[in-house]
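This document opens with one chain alone, in C-alpha cells, the form predicted alone.
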Amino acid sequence: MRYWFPYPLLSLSLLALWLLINQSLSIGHILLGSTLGISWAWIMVNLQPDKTRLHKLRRIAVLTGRVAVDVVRSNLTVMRVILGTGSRPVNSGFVAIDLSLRDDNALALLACILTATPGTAWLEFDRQTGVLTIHVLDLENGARWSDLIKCRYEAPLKEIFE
C-alpha cells in the first residue's frame, strides 16, 4: 500500500486542489486528479526530499498570525505607494541579510513568506555565506528590514524546524 501511495497527504491535497481549480466533482475530474496526485507523489519519492521534524508546534500559530498581519500591512503600504499618497518619494532597493537558518524546508517557507508579502521579493540565497538578498519596494532602512526578518521570521522558523 505504501508503494502506491508514498505521500498520501500530498496526493489527497493535489486531488483537492485539482477539484477546486476545476470546480467540478465529476468522475472524470476525480480520476484525473487522483492520477495526477499519485504521479506527483511518485515524483517526490524520486526527488528524495529531506525528512523534517517539527518542534514547538505552538510557534506555528504565532508565525501564521504574524505573516497574516504583515501581509495586510504590506498590502496597505503598497497601495499607498501605488496611489502616491505618501509624503516622501519611493526608494526601492536591495537588502543583504545574514541568515543562520540552514534547514531547506525552513528556507523554502521563508522564501514563500517573503514572496507572498507585497513589496518584498526573495532574490538570492548563498548557501556558503548564508546571505539572503531581497528587494524591497519602499526601503527606508536596510538594517531595520534585516532585523525585522531575523526577529519576526527567522527566529520562529529556527524554533519550529531546528
Partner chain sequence: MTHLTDLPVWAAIPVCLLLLGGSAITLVGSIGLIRLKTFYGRLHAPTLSSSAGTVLICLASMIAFAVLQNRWIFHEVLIIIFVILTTPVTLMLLGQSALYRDRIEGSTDVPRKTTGPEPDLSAIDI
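Take the two forms, superpose them, and find the largest set of C-alpha atoms that agree within 1.5 Å; that set is the rigid core. Numbering follows the first chain given and starts at 1. Note that the structure is predicted; figures quoted are calculated from it, not measured.
This next part talks about the form predicted in complex with the partner chain, which is not shown.
Residue contact with the partner chain in the predicted complex: residue 41 places no heavy atom within 4.5 Å of it. At the 4.5 Å threshold, heavy atoms of residue 48 stay clear of the partner chain in the predicted complex, well away from it.
Remark: residue 100 does not count among the residues lining the partner chain in the predicted complex, judged by a heavy atom distance of 4.5 Å or less. Put simply, residue 36 is far from the partner chain in the predicted complex: not one heavy atom of it is within 4.5 Å.
Residue 21 is the only one of 9, 21, 151, 143 with a heavy atom lying within 4.5 Å of the partner chain in the predicted complex.
The candidate spot formed by 65, 69 and 157 lies out of contact with the partner chain in the predicted complex, as no residue has a heavy atom within 4.5 Å of it.
Residues from 54-80 that approach the partner chain in the predicted complex with a non-hydrogen atom closer than or equal to 4.5 Å are 71, 75, 78, 79, in the order they occur in the chain. With the core held fixed, residue 151 shows a CA shift below 2 Å between this form and the one not shown.
In contrast to the form presented, in the predicted complex the C-alpha positions of residue 21 and residue 122 spread farther apart by 3 Å or more. Note: residue 55-residue 13 Cα separation is 3 Å or more shorter in the predicted complex than here.
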